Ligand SMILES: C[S@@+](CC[C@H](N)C(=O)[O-])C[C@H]1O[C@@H](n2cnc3c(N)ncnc32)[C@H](O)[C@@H]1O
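A single chain comes next, written as structure tokens; it is the form predicted alone.
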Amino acid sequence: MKFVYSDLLTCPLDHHALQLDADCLRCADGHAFDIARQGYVNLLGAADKRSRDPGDGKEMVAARRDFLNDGHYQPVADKLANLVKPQVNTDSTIVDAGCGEGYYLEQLETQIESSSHCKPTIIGFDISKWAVQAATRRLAATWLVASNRNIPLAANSADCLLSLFGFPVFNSFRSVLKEGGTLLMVDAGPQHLIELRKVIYPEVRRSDSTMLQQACAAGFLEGETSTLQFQTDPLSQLQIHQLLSMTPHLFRATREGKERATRLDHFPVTVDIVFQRLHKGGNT
């Protein structure tokens, strides 16, 4: 898919504006970044990497893509769209920080166009090149390999920033958002996948999130919180494997717990999601 250029892009090395120059992006200092044939640009600096191949691997991305494509989390996508649609128009810029393989942005764009017939600027980035490559096949958007710690976008450029089941860096998010802009965080609630967690862990423990406190400490103003809870249709062994592969539980569970999960079949699970809206406040 052809790369969609945005004049909001900045160089990850010196933060100067990036201009489109044939098949690459180039800043005034001469730093150049090639546009991949799939339709994205890798703007992940060496200092932003913790491994040679950071982020979700190819198999994990494929598992998440297939699970989401089967519609198991469609109510999550619908709720997200209902929260975002009232505040966007054709002049708006929506940024998905940690976009994965693009499922939620694809759903969001489709629902915005069908309800309001507007087409906002959409930018998605992820630290995983495999995720971004998969995302380019979903919709035409500005796709980047980049890190939350060093977002290659101009300051005060985004109207709405999404952080879906990700690892937010609130100072970076605040810098990118316009004054009064919205940060929408979507995370697991206390009962999320409770049936699966009871299988893979000897004891299910609840730990309260400190994300809201961190966001407010970084200068965000707390907005409304809403929740969504539903039960999936019975999941097959393959779908349970896909679901486990797209969660942190794949790495946290013991070997014995994961073996027990492989024997599950025709197994529904609870989806429990928290939607937290925050706004960029004034200087702190």
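We number the residues from 1 along the sequence you see. What you see is a predicted model; the values in this text were computed from it and never measured.
Note that the form predicted in complex with the ligand isn't included here; everything after this is about it.
Sole residue of Ile127, Leu153, Ile112, Cys160 within 4.5 Å of the ligand in the predicted bound form, by heavy atom: Filtering the options by heavy-atom distance leaves Ile127.
Using a 4.5 Å heavy atom cut-off, which residue among Leu193, Leu164, Leu83, Ile200 comes into contact with the ligand in the predicted bound form? Result of the distance check: Leu164.
Counting only non-hydrogen atoms and a 4.5 Å threshold, tell me whether Arg64, Gly100 and Asn148 all contact the ligand in the predicted bound form. Yes, because Arg64, Gly100 and Asn148 each have a heavy atom that approaches the ligand to within 4.5 Å in the predicted bound form.
Look at the stretches 100-108, 115-123, 85-93, 210-218 and give the one with heavy atoms within 4.5 Å of the ligand in the predicted bound form. Result of the contact check: 100-108.
Is there a non-hydrogen atom of Gly257 within 4.5 angstroms of a non-hydrogen atom of the ligand in the predicted bound form? Flag for Gly257 set to no.
Partner contact for Leu43 in the predicted bound form: the ligand, 4.5 angstroms, heavy atom: Taking the distances in the predicted bound form, the answer for Leu43 is no, it never comes within 4.5 Å of the ligand.
is_contact(Gly39, the ligand) in the predicted bound form, heavy atom dist at most 4.5 Å: Result no; Gly39 lies far from the ligand in the predicted bound form.
Does the ligand come within 4.5 Å of any heavy atom of Met246 in the predicted bound form? Result yes; Met246 sits at the interface with the ligand in the predicted bound form.
Between 66-84 and the ligand in the predicted bound form, list the residues on our side with a heavy atom within 4.5 Å. Heavy-atom contacts within 4.5 Å come from Leu68 alone.
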